[in-house]
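Take a look at this one chain, the form predicted on its own, written out in structure tokens.
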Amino acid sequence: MTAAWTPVALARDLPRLGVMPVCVDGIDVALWRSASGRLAAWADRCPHRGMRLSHGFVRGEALSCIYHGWSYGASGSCLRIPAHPDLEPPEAIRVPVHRATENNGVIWVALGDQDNTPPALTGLVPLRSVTVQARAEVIRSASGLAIGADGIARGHLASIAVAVLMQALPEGATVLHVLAEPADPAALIAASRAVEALRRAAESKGAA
């Protein structure tokens, strides 16, 4: 959706020093945030032994593999190999880096170079993310929301205006990242419950 930008998480769900696995077009990505708040999205595989970097840990401005502690800096290049502390790691030891950005409380990732930017979802606040065991087309049918040219579903849930970003996962699952218009807590709770009802309806429709 949105010309190769994929919504992968709500920004509030990835704190500083946090790392999490996400999926973009079937590709596993390690999404992490440094101590300074810098956002990064890398191939989820350590060049050393292939361990998932999303299982690793963040220290300062670097991400380290949990297996042997190899540490990688902002550019994806290896900074340190604990077993050989006096060795300057070769430049060839590098993790593939993808583009990542935050926009209106949503984290977006692009696997290739993009001259464009994700859509501006002004006037909305992040509500919740939920994984649905159904494909996007089933969710669209169950939601009754209008789908724009940018692939974003818009409409109302529990009388609250919402925008629903859909992130495809393997094996037919979809993550919904939902943003809503600002409202009082009770109204936002009702909208969150409506999202859960949509999940159940889509999964029931997909299983039929």
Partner chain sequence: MILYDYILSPDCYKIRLLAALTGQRLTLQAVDYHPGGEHRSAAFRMLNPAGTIPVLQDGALILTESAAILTYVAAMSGPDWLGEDSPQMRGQVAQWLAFAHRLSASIGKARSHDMLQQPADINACRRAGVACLQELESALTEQRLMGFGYLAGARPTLADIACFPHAMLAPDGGISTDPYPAIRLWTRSLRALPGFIEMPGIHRLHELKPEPIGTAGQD
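What you are looking at is a predicted structure, and each value in this text was computed from that prediction instead of being measured. Numbering follows the first chain given and starts at 1.
Absent from the display: the form predicted together with the partner chain. The rest refers to it.
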Can you say which of 160 to 168, 35 to 43, 142 to 150, 57 to 65 gets within 4.5 Å of the partner chain in the predicted complex, counting heavy atoms only? 57 to 65
I'd like to check something about residue 135: if you look in the predicted complex, is any of its heavy atoms closer than or equal to 4.5 Å to a heavy atom of the partner chain? no
How about residue 114 - does it come within 4.5 Å of the partner chain in the predicted complex, if we only consider non-hydrogen atoms? no
Might residue 52 be said to contact the partner chain in the predicted complex, defining contact as any heavy atom within 4.5 Å? yes
So in the predicted complex, is the partner chain close enough to residue 198 to count as touching (4.5 Å, heavy atoms)? no
For the stretch 116 to 153, I need every residue with any heavy atom inside 4.5 Å of the partner chain in the predicted complex, listed N to C. 127, 128, 129, 131
